[in-house]
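Following this are structure 1 and structure 2, which are two forms of one protein chain, each written alone as structure tokens.
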Structure 1
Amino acid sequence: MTGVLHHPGYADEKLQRVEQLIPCRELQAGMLVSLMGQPQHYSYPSIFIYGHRASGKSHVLHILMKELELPHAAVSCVECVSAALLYERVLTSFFGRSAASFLPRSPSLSEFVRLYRHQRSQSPAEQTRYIVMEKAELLRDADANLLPALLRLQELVDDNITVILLSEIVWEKFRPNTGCFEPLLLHFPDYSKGELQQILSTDSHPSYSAELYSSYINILLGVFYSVCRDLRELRHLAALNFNKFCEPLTEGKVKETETHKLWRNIEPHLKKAMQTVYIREVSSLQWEQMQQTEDEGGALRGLSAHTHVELPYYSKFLLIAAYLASYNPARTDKRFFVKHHGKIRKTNFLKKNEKTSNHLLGPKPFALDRLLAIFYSVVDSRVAPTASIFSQISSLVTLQLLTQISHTDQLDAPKYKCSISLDFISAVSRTVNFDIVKYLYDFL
């Protein structure tokens, strides 16, 4: 293992400790250390590191900075909602708390640079200073001059300083219109399946052997690897389901060596987990409780089952009418809703191609008149167009079951769109004994 990380600027034992803390990232760390060079040397003004989520970008940087004791400012762009917070963080971590107190309220970049230059002249850098910025893609939404200025900060403040940007998004999407100082680009590749297995196997359960845990990880990856390569997500799933995996062992039904039986036991469980816990239908806590109470997984009503809302009788029909108006073409209305319509040739009526299916393209807007016409046709009894009917329409908009397309100040002939799914409307129509599929053009 020794000799991957080696640099004359840093003590070997420190580098070895770093190496142990970052499994499967020795190559990238080595490259980074050699790019940074010895502490007193100049380093490149800006380095841009990109890679997928949970590929160890900030972890490697954090470990390097901490173990090698480099002066650095760690900044998360999510936290720094205004540039002032960013300046304060940088000044505080380089020159102590007192330096940041000189910043005026809502400082400009110019003031930050002036203050930095002033402080630097009192305590110049003996080592390269680093600013590590996570989630750098948010810098694009800040002032237009912030990113170009950060990229050439070394030149602006005339100090031995390096800005390291970490992001999930490639550099091409960052480049400003008039160009900027190009940073060094460094890619952190994704972990391969073997590396994921290796990393996940390190946190084994104390009361079971390491081999058992590693075979469990193997099964877990077999189910989830095709969907998810996020290390954090996988680790979370591994921790959640391990108890279930060990259940037959604690009950004494199966021995540790009978991997096939363990696999038979856990696989359907994991598949269920993909449809529930992975998409956060069921929270982790509920999932754990479910396992303890020996409940059948998934029997619990998930988040999406709660979308069912209790609506008044006419509101349900209004919603049904809205759905029909949104997903049926207007030319078929006569065929569906008029009792004694004339003869319509069947072949012509049913001619449709798949591309124009509204369940593929999404809902179409409709006028209020059409909604009311369909509404009167689907409701069997006579309904007076009272104020309460109209207020129910607007309350459906408030509930975000309908969306108003036209401007809200338009009182005559407003246009709406129905924004609910087929499952939802089927559930609603079942409660009023209305067969909606019969009236949908797409399913004819």
Structure 2
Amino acid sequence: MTGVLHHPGYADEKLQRVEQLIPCRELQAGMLVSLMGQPQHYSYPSIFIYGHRASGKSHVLHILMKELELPHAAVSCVECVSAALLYERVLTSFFGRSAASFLPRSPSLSEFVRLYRHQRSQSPAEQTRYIVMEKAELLRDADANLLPALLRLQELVDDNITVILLSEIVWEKFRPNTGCFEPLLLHFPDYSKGELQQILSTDSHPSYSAELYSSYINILLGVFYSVCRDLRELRHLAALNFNKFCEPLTEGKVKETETHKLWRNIEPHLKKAMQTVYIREVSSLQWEQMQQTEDEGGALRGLSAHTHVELPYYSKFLLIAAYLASYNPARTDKRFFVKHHGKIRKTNFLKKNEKTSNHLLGPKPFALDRLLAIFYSVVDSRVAPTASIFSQISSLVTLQLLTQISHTDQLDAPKYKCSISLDFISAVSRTVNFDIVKYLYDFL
């Protein structure tokens, strides 16, 4: 065998199969196999694998466990929302469902360790057992003793077991403040442009040659690589736009070898598709339908019109409240949001500086308490002032839909400004059946 993967403990045929299934990750897989050592030997108690999203961490572990036939428990920390579910998954994977049935309703860590040791005494490990934990950063929110225990589980249960943690954050931000057993660290770097080209080119379309699909991927990366390195996102974009790329071929206007003509046809569509990266205004199905119903001028109807803004339900009402707070004078809040306020004629409380439209003057800053007061007035249902509401305000600032204009050290009374247009907020309001024009002072 001439490949990168080679280990005396595993058959060359299996390692060769692994190598074929993990393009551009042979080096990381080789390091993992080296850390695992001989199947029957004790491995290191814990390994911490980190890297950005879609860098191949889960894929490589899954292929290694499957192809090398290693006993393992695959645990998603998103699914296992409690320690009890984690313990049940581990015991079921190694000893069967009957072993997990002995767990009490809310087991403690000591009860899990005691039960594991009992099961291990009846069926000891013939080779290293592995617990592969995806999205391991969620363990930071679990019980304080769970993560340190997992890192030295081999010692606690006295068994040949290794815990492998997969995370998108570095170990320095993961390590508990109280200290813990230090795992071995393994980094999965981002794919380079050449590696992305190699991986994406393997998804060739059966109706066209591999050379044509490879040239299409080259065009796609030329447009998107500067703004997107996510393999899954790029794969989605490639599949979504390939039919548009092949339109001149199906119509018989060009040949496969005339790449420059295919490039001129697809380039404007790819640049429009850049607006759908990460935060999509339209779904994939809507995007395909819009491509089929283009205007004569070549513009895609609906795109960038923000008719489909993907925001949580209460975030939309927070955005509506922020827009009203920015463009309505504070004195008019009683007029719009208090019942039985009496009739207030607009001309009677117009000041000189308010004769100009507030929309022409631009958004004005507002305090957090005013934003929340308007929010609770316009939202349909009763909402408790929970941390979720405040986190959604932070998310709107991160998305640059709101702008925080007060200093970060002003925790008692932060001030914000709404940074979106009337068309945008009108589209958002329509999705929740809210007529915002009735609440705007300029349109009285």
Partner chain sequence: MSKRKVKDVHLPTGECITQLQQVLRERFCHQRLPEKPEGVEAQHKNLLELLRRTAVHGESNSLLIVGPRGAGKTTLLRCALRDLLQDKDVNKNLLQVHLNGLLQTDDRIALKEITRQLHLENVVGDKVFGSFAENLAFLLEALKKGDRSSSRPALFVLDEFDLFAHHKNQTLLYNLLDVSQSAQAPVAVVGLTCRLDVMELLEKRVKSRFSHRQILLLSSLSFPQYQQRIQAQLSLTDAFPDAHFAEEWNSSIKTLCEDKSAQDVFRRQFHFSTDFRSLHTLLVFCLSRVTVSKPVIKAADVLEASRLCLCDAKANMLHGLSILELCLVIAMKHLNDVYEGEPFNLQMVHNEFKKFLQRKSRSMFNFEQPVILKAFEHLQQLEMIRPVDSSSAKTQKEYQLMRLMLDNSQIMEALQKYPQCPTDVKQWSASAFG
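Predicted, not measured: the structure shown is a model, and the values here were computed from it. C-alpha atoms forming the largest set that superposes within 1.5 Å between two forms make up the rigid core. Sequence positions of structure 1, starting at 1, serve as the residue numbers.
Worksheet item: Only one is the form predicted on its own; which?
Response: Here the form predicted on its own corresponds to structure 2.
Fill in: Displaced residue check between the two structures: Gln20, CA, 2 Å or over, core reference
Shift of 2 Å or more: no.
Item to complete: Align on the rigid core first; then say whether the Cα of Pro183 has moved by at least 2 Å between the two structures.
Response: Not so; Pro183 is displaced by less than 2 Å.
Item to complete: Using a superposition on the rigid core, decide whether the Cα position of Gln392 changes by 2 angstroms or more between the two structures.
Response: Comparing forms between the two structures, the Gln392 CA shifts at least 2 Å.
Practice prompt. Any chance you could measure the C-alpha shift of Val437 between the two structures with the core superposed, in Å?
Written response: A shift of 16.6 Å.
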